[in-house]
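Starting off, we have a lone chain in the form predicted alone, written out as structure tokens.
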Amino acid sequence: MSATLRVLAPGLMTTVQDLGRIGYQRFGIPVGGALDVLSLRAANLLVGNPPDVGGLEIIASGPTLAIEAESVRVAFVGADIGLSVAGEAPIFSFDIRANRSMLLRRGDTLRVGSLKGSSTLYMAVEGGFDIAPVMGSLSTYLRGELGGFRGRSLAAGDALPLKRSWAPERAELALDTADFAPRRRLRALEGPQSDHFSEEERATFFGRDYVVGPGWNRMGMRLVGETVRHSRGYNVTSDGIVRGSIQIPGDGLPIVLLAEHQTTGGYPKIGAVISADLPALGRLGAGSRVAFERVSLEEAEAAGRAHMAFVERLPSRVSPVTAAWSHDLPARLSETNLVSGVIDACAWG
């Protein structure tokens, strides 16, 4: 019998993602990958995977998964979340926490609730999924319908194959994620077409607050707020796009481009979110408030170095779980004498 995770309910949008598909933008295929690569790396760390192993990216609300393997170790990082596991016996149902690894067994049902504090959550599985890469990556490219699990988000009835049919017994791990919260202000460089806006308008833009509109998807987010006025028109010769680019189309409302952004674009770009803040950008969802802080190239480079040093120190933020929820608790309770004696109430008439 093959080891799988059976999808009973898919959540709003759950896809397989890794760190992205490198080297194909010249063919019109974006890098893609996780919106928040930091949280995916952290989830992989907790289950003992290399950082680039594909996991599940969960948007807004999570799936319900049935465990069809002898055992599987999983970890969730990225959002505050309600997680519960129900065993084969209906009486046994447990609430568990994110930011730690946990061991599940055949017959368990894992339920992931609505996300809080971030729009994205990542689930890593020890050993990863037994899915063939496409162009060197397991990432799902939704618009191109390639990669991941059949090139789409998960649906009820899907069976995600696992590379391992069982997980080794070991101590579970927890991760300090205090620095993973969304930033209130995202740092940004001025864009290549910043001269399409007056200095006064650029300064005003970097001081405004915006709200992520309902048109959010993995390609980009439309912001709602005060419009940005062009001084030299809004059509430019199409040129290369990077993740985090801030385009200003004709209506003056910014569009911030995300993982599945188009490879070229013809709207002027007033700025670009720096690499160090891209994970924080990926945690924003519809209704989130956001503002941009203009920084210099030197400041962006320094922030990038500090972020990479933080990533390299992630293993030092992991510690063994000392008071973990135990999957074997029901069995242990049944084997324990919880009653020390019996009293006959009638004898005390």
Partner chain sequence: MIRPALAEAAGEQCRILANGDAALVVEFGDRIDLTLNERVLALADRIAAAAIPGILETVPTFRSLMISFDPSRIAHRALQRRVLVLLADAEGRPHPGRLWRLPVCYDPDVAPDLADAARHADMPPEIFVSRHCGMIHHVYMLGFLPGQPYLGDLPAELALPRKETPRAKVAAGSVGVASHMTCVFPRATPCGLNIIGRTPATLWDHRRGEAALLAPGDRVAFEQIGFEDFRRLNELAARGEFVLAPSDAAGPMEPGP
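Given the structure is predicted, the values throughout are model-derived calculations rather than measurements. Residue numbers count along the first chain shown, from 1.
Missing here is the form predicted in complex with its partner chain; even so, the following discussion is about that form.
Contact annotation for the candidate site: Ala156, Ala171 and Arg317 all lie away from its partner chain in the model of the complex (no heavy atom within 4.5 Å). This chain is displayed without its partner chain, yet in the model of the complex the stretch 296 to 304 from 62 to 70, 283 to 291, 43 to 51, 296 to 304 comes within 4.5 Å of it by heavy atoms. The partner is absent here; in the model of the complex, the one residue of Ser245, Ser137, Thr120, Ser101 having a heavy atom within 4.5 Å of its partner chain is Ser245.
For the options Thr264, Ser84, Ser114, Ser231, the one in contact with its partner chain in the model of the complex, meaning a heavy atom within 4.5 Å, is Thr264. Put simply, Arg143 is close to its partner chain in the model of the complex: some heavy atom of it is within 4.5 Å. Interface residue remark: Val311 is not counted as part of the site for its partner chain in the model of the complex, having no heavy atom within 4.5 Å. The closest non-hydrogen atom of Leu189 lies within 4.5 Å of its partner chain in the model of the complex.
Within 4.5 Å of any heavy atom of its partner chain in the model of the complex lies no heavy atom of Leu175. Looking at 218 to 253, the residues that come within 4.5 Å of its partner chain in the model of the complex, counting any heavy atom, are Val236, Thr237, Ser238, Asp239, Gly240, Ile241, Val242, Ser245.
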